[in-house]
Ligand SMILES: Cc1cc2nc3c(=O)[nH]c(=O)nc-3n(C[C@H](O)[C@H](O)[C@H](O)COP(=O)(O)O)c2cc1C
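Take a look at this single chain, the form predicted alone, given in structure tokens.
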Amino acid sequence: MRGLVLKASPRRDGNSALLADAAAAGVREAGHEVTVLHLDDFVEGMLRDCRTCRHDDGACGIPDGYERLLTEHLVPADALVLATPLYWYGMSARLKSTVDRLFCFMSEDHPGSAAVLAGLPGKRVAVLIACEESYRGATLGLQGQFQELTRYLRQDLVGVVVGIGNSRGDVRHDPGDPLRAAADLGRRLFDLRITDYRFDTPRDNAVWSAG
């Protein structure tokens, strides 16, 4: 299986990057392929008005590496690990732009939309958040946003790890040991059982022993 870890912080040696590296190590330990990328290397522009900046063939007109990130790495991956610092109680700007710009490539006007629309659903998604505040509510809005994003894209949000820290490397001292938790999430990325019951969902009373 192929995992893709996206580092969404402009600080390459920051706390969310440490969480990302721990998760990637866990994925490798479980015997899966994993690629680790920095969004800064691909995403430079924000989503614009597609009616004014598309090329004549419908392709995106923003001249950066986003299309390569999407088509060569994100779409082919079986699972995504998204690592972001908490910025104003939300995701980093690079990660938000990455999500926003899916709009252009999912539009039927884009020449490559069929492959993107076929490749986005079914992925497993894990989220890693570096946050200065230990107050639990600080990250709940962002966690809810990821839940809705994955629901919309028909993906499974398999886990969230929050590491508390501010200065570089501070997350290592979090007594909750988020680095261990991120590594464990990476190891179990393709094995975690996800349930989303409705009142009429057929299910066994034994959650973990059911097939």
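As the structure is a computational prediction, the values presented were derived from the model and not from experiment. Note that residue numbering follows the sequence shown and begins at 1.
The same protein also exists as the form predicted in complex with the ligand; that form is not shown, yet it is the one meant from here on.
At least one heavy atom of R11 is located within 4.5 Å of the ligand in the predicted complex. Heavy atoms of Y89 reach within 4.5 Å of the ligand in the predicted complex, making it an interface residue.
A residue is said to contact a partner when one of its heavy atoms sits within 4.5 Å of a partner heavy atom; D100 fails this definition for the ligand in the predicted complex, lying far away. Contact check for E132: a heavy atom falls within 4.5 Å of the ligand in the predicted complex. Of the candidate stretches 100 to 108, 114 to 122, 74 to 82, 132 to 140, only 132 to 140 contains residues with a heavy atom within 4.5 Å of the ligand in the predicted complex. Of all the residues from 12 to 32, those having a non-hydrogen atom no more than 4.5 Å from the ligand in the predicted complex are G14, N15, S16, A17.
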